[in-house]
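As a starting point, one isolated chain is supplied in structure tokens, in the form predicted alone.
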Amino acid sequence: MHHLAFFVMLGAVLVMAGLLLDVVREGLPHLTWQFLTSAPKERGEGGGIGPEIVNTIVMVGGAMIVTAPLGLLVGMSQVEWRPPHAVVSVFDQVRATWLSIPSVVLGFLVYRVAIAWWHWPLSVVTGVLALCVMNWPMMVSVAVTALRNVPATYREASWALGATRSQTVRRVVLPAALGELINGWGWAMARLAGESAALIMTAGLNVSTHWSAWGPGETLAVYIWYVRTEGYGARGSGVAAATALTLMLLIALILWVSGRLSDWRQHPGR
């Protein structure tokens, strides 16, 4: 079984390496500074993905600004203040169910509520709302896991010195859990950066020349979908590969920065 598992893993790694090399081979020639900073063009040469990069950063950052503090507050109330077991059990079931719902279903839910009922436009703000609806259960899971991994002796020592529960959480538990929180937040940002289905229905596809929070805006993942499904002329395959390569580099940067910050918080002497 060990040998079988090894060969299966090796086969998966080789397939992924082949796909990655194909994307790099086809996309790298298109990956220029002009491509990264200019607006897309469906006809002719010279188009780029500048607005898509901005939209990706804004939407992912906006969703994290909203959901990370809320998830941390819920996690602290669940781990440190310990509400009744029945309440926690029901909430955990709802959270687990929410995590298993396909993102396209959550996007349709946001579309029905925000666009059909509230009359919000297809916009960056609506896309941020969709990402928040998707991301909150993961933020709670990250917070709960990080807080539970803080040794109980930290809390007991703080209480023995006369600190209150709130002081212990603020000055002992949160600093000790911050490294793992940062690492979890980085993985959540990477997951949101690759989302497309929910944003197609909520943020739209078109990018205007003047950026607006209440105007439509597509992310890198949505742009890849658009180029590969709607056709983009003879250069469509190269544009899609270059956009995919940019998205992978952005995700790698997010994970690298969050990993370094996490290590620095957990091992400040290194």
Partner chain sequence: MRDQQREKVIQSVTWGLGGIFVLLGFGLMAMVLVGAWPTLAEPHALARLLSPTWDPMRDQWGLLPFLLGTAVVTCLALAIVVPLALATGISISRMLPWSLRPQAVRLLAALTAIPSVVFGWWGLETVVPAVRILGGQAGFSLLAAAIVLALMLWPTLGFLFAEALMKVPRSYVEASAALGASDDQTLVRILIPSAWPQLMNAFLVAVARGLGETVAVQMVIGGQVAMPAGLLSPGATLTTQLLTDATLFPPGTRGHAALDAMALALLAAMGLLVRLSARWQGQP
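Quick caveat: nothing in here was measured; it's all calculated off a predicted structure. Positions refer to the first chain, counted from 1.
Another form exists, predicted in complex with the partner chain; not displayed. Remarks below refer to it.
For the residues V128, I182, A146, V140, the 4.5 Å heavy atom test against the partner chain in the model of the complex is passed only by V140. Note on contacts: among L31, V58, L70, M64, the single residue with a heavy atom within 4.5 Å of the partner chain in the model of the complex is L70. At a distance of at most 4.5 angstroms from the partner chain in the model of the complex, all three residues I101, I200 and I251 contribute at least one non-hydrogen atom. Shown alone here, L261 lies farther than 4.5 Å from the partner chain in the model of the complex, counting heavy atoms only. Contact annotation: V133 falls within 4.5 Å of the partner chain in the model of the complex, judged by heavy atom distances. With a 4.5 Å cutoff on heavy atoms, W225 counts as touching the partner chain in the model of the complex.
In the model of the complex, W187 approaches the partner chain with a heavy atom inside 4.5 Å. Residues of 146 to 166 that come within 4.5 Å of the partner chain in the model of the complex, judged by any heavy atom, are T164, R165, S166 in sequence order.
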